[in-house]
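As structure tokens, one chain now follows by itself in the form predicted alone.
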Amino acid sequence: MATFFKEDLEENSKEITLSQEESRHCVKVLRFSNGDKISLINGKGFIFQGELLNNDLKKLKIRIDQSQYFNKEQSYRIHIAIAPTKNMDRIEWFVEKATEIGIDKISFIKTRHSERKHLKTTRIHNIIQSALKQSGNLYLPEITELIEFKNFVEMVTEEERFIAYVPENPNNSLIKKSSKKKTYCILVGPEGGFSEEEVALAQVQGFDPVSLGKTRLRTETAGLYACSILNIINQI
């Protein structure tokens, strides 16, 4: 059954209208019509079952027949703070794949060597919604706007904090340094890396330098690698 996204859906919703984009996709692309059944998610743990009430390409109306809530039974939380790349396709790829694998929060940070100083997150949110529908995950990751590195590291509250900085030292690998069932925050820098001042500032705030392997990874690959490692650690 096809799944659609509507963030403002509530447990007691009876009848809703899909966005123009979702309406068009449902009717024009998937060829659904009046009376067909669909599933909807709101990114907050709910799955809804509904029936189409019309064939409107712009305002598709749906009657909600039932809802079910799934508690997020997860003993850990992954937060990756990443410097967005100059090429937005690459950071969008990271966001999509991290959402599919499982991530709780993505923050965008502005560093000394950042290639991108401004970032619009509207498209990022759309990509996350699509990845959520595709993967079957029910919880929407939190996204924060671009923030200065110094301001960010001073406000982090996660239990285990890491900064990807020492690729030449396998003894400081993320997989060896991290523990199970914790809240994590991992800093991933731009292609030019973090400055020495940024590394020192992060360490003052409790961030532990770690390696993400023996090879030099692109920013988006490093972010996805860290996300994958922390998920694997907590599933074995």
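Here the structure is a predicted model, which means the values were calculated and not measured. Position 1 is the first residue in the sequence shown; the rest follow in order.
Not on display, but discussed next: the form predicted in complex with a small molecule.
Interface residue among Leu9, Leu212, Leu18, Leu224, judged by heavy atoms within 4.5 Å of the small molecule in the model of the complex: Leu212. Residue-level contacts in the model of the complex: of Ala202, Ile41, Val188, Cys26, one residue has a heavy atom within 4.5 Å of the small molecule, and it is Val188. With a 4.5 Å cutoff on heavy atoms, Phe94 does not count as touching the small molecule in the model of the complex; it lies far away. The small molecule in the model of the complex is approached by Phe194, whose closest heavy atom lies within 4.5 angstroms of it.
Tyr165 belongs to the set of residues with a heavy atom inside 4.5 Å of the small molecule in the model of the complex. Checking 28 to 36, 180 to 188, 65 to 73, 47 to 55 against the small molecule in the model of the complex, the stretch whose residues place heavy atoms within 4.5 Å of it is 180 to 188.
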